[in-house]
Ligand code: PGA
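The data below hold one chain only, encoded as structure tokens and taken in the form predicted alone.
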């Protein structure tokens, strides 16, 4: 047996590339540069001596060997994180780490909540794992993190949900759009305008679709976009209007767009902190849960 098969970081990168389906999105999830991700992936392939991936057009695909390594890497990382939790329990609350799986919109407000917690627990290390709703559901099913943040938690009896903040959706338009200068806008007028919508399955899209279904409303969807930043920039370019979480504007910035008041467009949900009930909570995780419940 080979004495060296790769580093934990390389296996983490491999799993991220597999989950995200691209080096670009994996680098964003891990807060690394694209060249770093590519270099570590190549090093792992060289170390193992087998091809893990190949290019098909502009897409990255995994070989059968690559899929096998990903499966083992997941188990390895799960065992490693479990070891970290158990060591943390021995150390107590003043040291340790906390892993959070976040749907992308949650990245706008979770750092502020974590910042407040860190003021009283400065030695705690946090790890944010970003993804769309389906990717974070997959992480929750694989029990990869201490907590997960959703606006629409998956229906799973093994998951506990703790209500957090309200999640109100707001309409936005480019600054030079006629609607940006109006104090009120009818829902009928808004529905006629081309709309830039989040991808199917996202929490924002689910809230909008539920709202429309309940009222028999049909929106003029012009384009589907997978990130809030891209929606804001596309709105700024004049290609359509958008609907985003108010947290995107309050914490992510509203430069270049105007929030418009659409009468009757009342779409809101809640943010939830989610965790697997069978997972033992470390002292750090328990303290964070208490702080969220108290807030």
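Numbering follows the first chain given and starts at 1. The structure presented is a predicted model; accordingly, all values stated were derived computationally and were not measured.
A second form of this protein, the form predicted in complex with the named molecule, is not displayed here; the remarks below concern that form.
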| query | finding |
| --- | --- |
| Three-residue site 85, 99 and 282 fully in contact with the named molecule in the predicted bound form at 4.5 Å by heavy atom | no |
| Contact test in the predicted bound form: residue 103 vs the named molecule, heavy atoms, 4.5 Å | yes |
| Heavy atom of residue 201 within 4.5 Å of the named molecule in the predicted bound form | yes |
| Partner contact for residue 129 in the predicted bound form: the named molecule, 4.5 angstroms, heavy atom | no |
| Partner-facing stretch of 139-147, 155-163, 201-209, 72-80, counted where any non-hydrogen atom is within 4.5 angstroms of the named molecule in the predicted bound form | 201-209 |
